[in-house]
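In the block that follows, a single chain appears as structure tokens, in the form predicted alone.
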């Protein structure tokens, strides 16, 4: 998904619901993130557009809640529990994901393979 100023943005998204694991006072999601508007986008290995300051999944723990829910390395997080994640700092994203009062995290993610499937199906018409 690339962004062209002045043009509408289209994204193919998928909903993923992650049930956090409790470990004492800690809630475990089983994944790590990178990116944010305060980070250097040229260091993001998952972005086609090196100006993209989105939040991306950088690691998924094997057998953890995120993997069980279907999250993958390289997924771009568009929303967390209804909150827009397209223009947030890395710390803001981390805080949204790790709220102690929420046992479930509902993500809206964009994945390159999803976009490719839609693109191919549209070309076959």
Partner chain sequence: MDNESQYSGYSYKSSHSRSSRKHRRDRHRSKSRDSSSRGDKSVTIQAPGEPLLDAESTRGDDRDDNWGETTTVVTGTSEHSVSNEDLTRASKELEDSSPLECRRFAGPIVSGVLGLFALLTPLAFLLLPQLLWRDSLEPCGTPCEGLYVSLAFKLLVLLISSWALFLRPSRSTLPRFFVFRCLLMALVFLFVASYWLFYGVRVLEPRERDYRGIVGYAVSLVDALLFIQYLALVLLEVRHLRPAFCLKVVRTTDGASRFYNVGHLSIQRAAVWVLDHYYTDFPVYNPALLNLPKSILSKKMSGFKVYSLGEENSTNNSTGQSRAMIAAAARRRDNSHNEYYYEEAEMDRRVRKRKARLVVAVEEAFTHIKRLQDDEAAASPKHPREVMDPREAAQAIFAPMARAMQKYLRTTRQQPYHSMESIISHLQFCITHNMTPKAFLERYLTPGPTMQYQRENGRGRQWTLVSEEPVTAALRQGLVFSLRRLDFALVVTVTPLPFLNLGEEFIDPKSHKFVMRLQSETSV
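Source: prediction; values computed, not measured. Residue numbers count along the first chain shown, from 1.
FYI, the form predicted in complex with its partner chain isn't displayed, but the following is about it.
For the options 47, 86, 89, 58, the residue carrying a heavy atom within 4.5 angstroms of its partner chain in the model of the complex is 58. Not displayed here, its partner chain is kept clear of residue 64 by more than 4.5 Å at the level of heavy atoms in the model of the complex. Its partner chain is not shown here, and in the model of the complex it never comes within 4.5 Å of any heavy atom of residue 74. Its partner chain in the model of the complex comes within 4.5 Å of a heavy atom belonging to residue 94. Of the heavy atoms in residue 42, some are within 4.5 Å of its partner chain in the model of the complex. In the model of the complex, the residues of 29-51 lying within 4.5 Å of its partner chain by at least one heavy atom are, in order, 29, 30, 31, 32, 33, 34, 35, 38, 39, 40, 42, 43.
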